[in-house]
Each structure stands twice: as structure tokens, then as C-alpha cells.
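First comes one chain, alone, set out as C-alpha cells in the form predicted on its own.
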């Protein structure tokens, strides 16, 4: 039986991993720049990925103190991609605060992202199974970059000064394209988080694979939920601008893809013309797209799809040792598909 609620457990993990995140980020960094380097991680966040590392390790008896380093590293890896993502997307706000590039400038943000990526690997040198963990995180980072490239090429217009993007945009985006992109950009990191905990704790290859299957499937559900929140969330609670995918003219949003399948020609033409046009997207445009989406059952279909992947995750989890940590992981999977921010 669990002694604390999932929320209490996540707070406990976050409190334990926070000083380690700060330590590995500010190590070998000048005092004059340490505040800037730590800024992205200081903005907070749900710390879901470190929790996955620690809980996955505990399923196999891994000690918390040792797991803190791979857990902190995966959060630094995640935040390195956010720093770059915000530059690429011209995002000025994250978690109700200025993004790194907005606060310190693009050149400084690019330097910070490099610092983060160096910190990921230096912190893993002396942990159990460090070689396997370094290989896992390096491969994961490269796959995430491939996913980011696809996400940019899914944009329907813009970036007119970038010839490669303009010449290589996807002409048509299928659901298969979408799932490939989110597998690389989002799900792979949750998969790696779960695998990392299991690898650290000396789980068998089969157990590592099952833990990875659990993480991958909750990662797909996580991104579908994120796509829903991008359109339907309460902006204050969400912590970033709602409708950002529409403003950035991205077709890599599951809700939009589903809505385009179901709308009449007039509705389809409005959305596609808006996303492919050269004019900036206004708040009124976002409201109109949202109104059109709400006329379809895209939201309920997306919810069903997310539940499907959560069920696949739970099937994998059911084949692993059943203990307190496994219980928390199951609760965390359900939280991911129902979260409001």
C-alpha cells in the first residue's frame, strides 16, 4: 500500500532532484553566468521525466540517491530542447515567465543550450551502468532533433528566409507522419526516462524493453493531450499561450488533423488557407479555428486515442514486478492523460 499520494510523491522527487539539477548545471560555470545557465530549469515544471527515472529504477530496487543523477540529467536534456524550441518557435513566454532567449538574447540562449547538453553527459560518468546510460541519452537526443526537424517541416508557411525549410516542407501530412514525428520529438524521451531507471537498477534486457514500452506509450498519450491543451486549455492554468500551434502555422497537431478530416469544404479551406497564407495569425483567427474544431468530434476522438495508448502502457507495466513504485507509475500514466496543464 502506498504511504503518500502521487502528488506528494512527485513533490518529494522534485525536491530531491532539484539541487542535483542545479549542481550539474552550474559546475565549471563562472559565477557571473550561473544564474543565466540555471534560469530555464529554475522556471519549474512538472518534473515528470525525473520521476519516471526514479520510479522505474525503484521497481527493480534501485537506490534513490544513485538514481538522482540520471534523473537530473534527463530533466536537463529535456530543458535543453525547450531552450532551442523556444528560439525556433519565437516563443516569448514559458511557465508565465520570459523564455531564455527573450530574457537574455538569442546568442546567450544558444550558449545555454550547449551548456545543458554538456551537463547531461558529464553527470553520468560515475553512476552505475554509466556507459549504457550515456549511449541511451546520446541516441535519444539525436532522435529528438530528427523529430524537431519534422515538426518544422510540418509548418505550412513562414521561414521564407530558410531555403531548406521552404523547399522541403511536407506537402501532405498524414496521421502516420504525425505519429512518427511525436514518437521522435516527445515519446522517445519518456521512453528513455523509464529505460534509464531500469538500466541503472540492473534490470534484465526484457524488463528494460517493457519499461521502455510503458514510457513510449505514455509519451504518445502525453503529446496528444498537449495538442488538445494547445487549443482548449485555460491559458492562465496552461502557463503558455493557447493556440500556439495555429499561430506558428503547424499542422503537427492531432486535433487539427482530425478536424480537417471531418469539416466541410468551407471549414477545411479556412484552416488550410490560414495556415498556408503569408499573413500573421490573429487572436480572432485562433478563435475561429477553435470554433470550427469544436463543431467536430475531434476532441473526443483524440481523448479516445490517448486512452488507447495509456492502455497499451498499462499492459506493459502489468508484466513487470508489482510494488509501490509500479503503482505510482500507473497513477502517473493516468495523470498524464487527464492533466490540465
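Residue numbers count along the first chain shown, from 1. Model, not experiment: these values are computed from the prediction.
Heads up, the form predicted together with a further copy of the same chain isn't pictured, but that's what we're talking about next.
Only one of the listed residues (152, 263, 188, 233) places a non-hydrogen atom within 4.5 angstroms of a further copy of the same chain in the predicted complex, and that residue is 152. Out of the listed residues 28, 284, 273, 65, 28 is the one that sits within 4.5 Å of a further copy of the same chain in the predicted complex by at least one heavy atom. Across the proposed site, 104, 119 and 135 without exception bring a heavy atom within 4.5 Å of a further copy of the same chain in the predicted complex.
Mapping the unseen interface onto this chain, residue 226 falls outside it, with no heavy atom inside 4.5 Å of a further copy of the same chain in the predicted complex. Using a 4.5 Å cutoff between non-hydrogen atoms, residue 110 counts as a contact of a further copy of the same chain in the predicted complex. Proximity of residue 159 to a further copy of the same chain in the predicted complex: non-hydrogen atoms within 4.5 Å are present. The closest non-hydrogen atom of residue 184 lies within 4.5 Å of a further copy of the same chain in the predicted complex.
Remark: of stretches 197 to 205, 212 to 220, 138 to 146, 253 to 261, the one touching a further copy of the same chain in the predicted complex is 138 to 146 (heavy atom within 4.5 Å).
Applying a 4.5 Å heavy atom cutoff to a further copy of the same chain in the predicted complex picks out no residue from 40 to 77.
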